[in-house]
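The chain below stands alone and is given in structure tokens; this is the form predicted alone.
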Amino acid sequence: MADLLSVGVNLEAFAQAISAIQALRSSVSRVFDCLKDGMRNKETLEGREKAFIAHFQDNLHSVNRDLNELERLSNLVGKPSENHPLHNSGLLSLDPVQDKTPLYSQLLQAYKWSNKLQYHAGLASGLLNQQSLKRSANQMGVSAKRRPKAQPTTLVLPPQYVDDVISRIDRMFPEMSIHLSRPNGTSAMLLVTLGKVLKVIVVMRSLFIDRTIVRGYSENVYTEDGKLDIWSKSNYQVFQKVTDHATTALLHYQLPQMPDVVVRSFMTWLRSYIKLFQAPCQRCGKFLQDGLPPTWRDFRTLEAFHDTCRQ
């Protein structure tokens, strides 16, 4: 017999117990096979009955023998020692109604989660300690005046850089034409024409998008004095819906440190409306719902959905 390990389990007996379980399963399978086959291979009824009973008894004896062997080996396996005893909480595992009161499994899951939380908190603490966020005493005592707040540099990008970013985006999408103008100084306004589907007025502050208005391709986008109309809504409900979704997209694509990526991501999302009236809803498969096409575009996959089907 193999020596008992520190965990208190006889590995040799454990291996023999596994073999005994397999033998017991085979014996039980032979019993059911015998019942399934019934009385065969005998000409007379009496001969078939005697052969069936003898075969069935042999199979039952095999099951009894394998079961006794398994019980004997189970006593030799031993019980593993618990390095971290659960004390009274271990009694919860004896609850016969696990489906109604799964307290023990939930307790183990919470314990594992707390260990992971402690581990990741330790990693975060080590990373934060490497970054010195405290001011020295000398710096605090030099001047009692409050230091001027640093102005954000991403809001005052040069117009040439903005023009270059917009021109690169214009070259990326052949179906989309972008006309840039500055009627009110340095702030840019874009008139985006997407095929023959729609037109979008984009009001920018440096390289940040402040407002978008979507109108139909045939709608007028200028006021009486020849300026872009940034206040009037579209006359069509479908483009009013797209305007609302575009405003939501502006809130989704937020990366202040990389505003050019934000503009490029928004234009990529806007380009997905090139098939506004041709793409069916990815959920219901219909082209129209309540008289409107799928006006929502997923921010990640750019798939088309109706406003009620996307939830």
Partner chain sequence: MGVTCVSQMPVAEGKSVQQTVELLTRKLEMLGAEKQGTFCVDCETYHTAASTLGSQGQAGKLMYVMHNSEYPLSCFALFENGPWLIADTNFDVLMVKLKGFFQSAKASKIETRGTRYQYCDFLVKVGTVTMGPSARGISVEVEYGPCVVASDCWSLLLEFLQSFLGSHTPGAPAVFGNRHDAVYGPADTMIQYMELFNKIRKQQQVPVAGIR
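These figures come from a predicted structure and were not determined experimentally. Positions refer to the first chain, counted from 1.
Another form exists, predicted in complex with the partner chain; not displayed. Remarks below refer to it.
A.B. asks: Using heavy atoms only and a 4.5 Å cut-off, determine which of Y119, W231, Y111, Y217 is in contact with the partner chain in the predicted bound form.
C.D. replies: Only one listed residue qualifies here, and that residue is Y217.
A.B. asks: Looking at Q237, N129, S74, S181, which has any heavy atom no more than 4.5 Å from the partner chain in the predicted bound form?
C.D. replies: Residue within 4.5 Å of the partner: Q237.
A.B. asks: Any of the heavy atoms of F277 lying within 4.5 Å of the partner chain in the predicted bound form?
C.D. replies: F277: contacts the partner chain in the predicted bound form.
A.B. asks: Decide whether A13 counts as a contact residue for the partner chain in the predicted bound form under a heavy atom distance cut-off of 4.5 Å.
C.D. replies: No - in the predicted bound form, heavy atoms of A13 and the partner chain never come within 4.5 Å of each other.
A.B. asks: Going by a heavy atom distance of 4.5 Å, is A23 a contact of the partner chain in the predicted bound form?
C.D. replies: Judged by the heavy-atom cut-off of 4.5 Å, A23 is well away from the partner chain in the predicted bound form.
A.B. asks: Spell out, yes or no, whether the shortest heavy atom distance between F299 and the partner chain in the predicted bound form is within 4.5 Å.
C.D. replies: Taking the distances in the predicted bound form, the answer for F299 is no, it never comes within 4.5 Å of the partner chain.
A.B. asks: Look at the stretches 281 to 289, 251 to 259, 25 to 33, 264 to 272 and give the one with heavy atoms within 4.5 Å of the partner chain in the predicted bound form.
C.D. replies: Correct option: 281 to 289.
A.B. asks: Between 193 to 214 and the partner chain in the predicted bound form, list the residues on our side with a heavy atom within 4.5 Å.
C.D. replies: Heavy-atom contacts to the partner chain in the predicted bound form: K196, V197.
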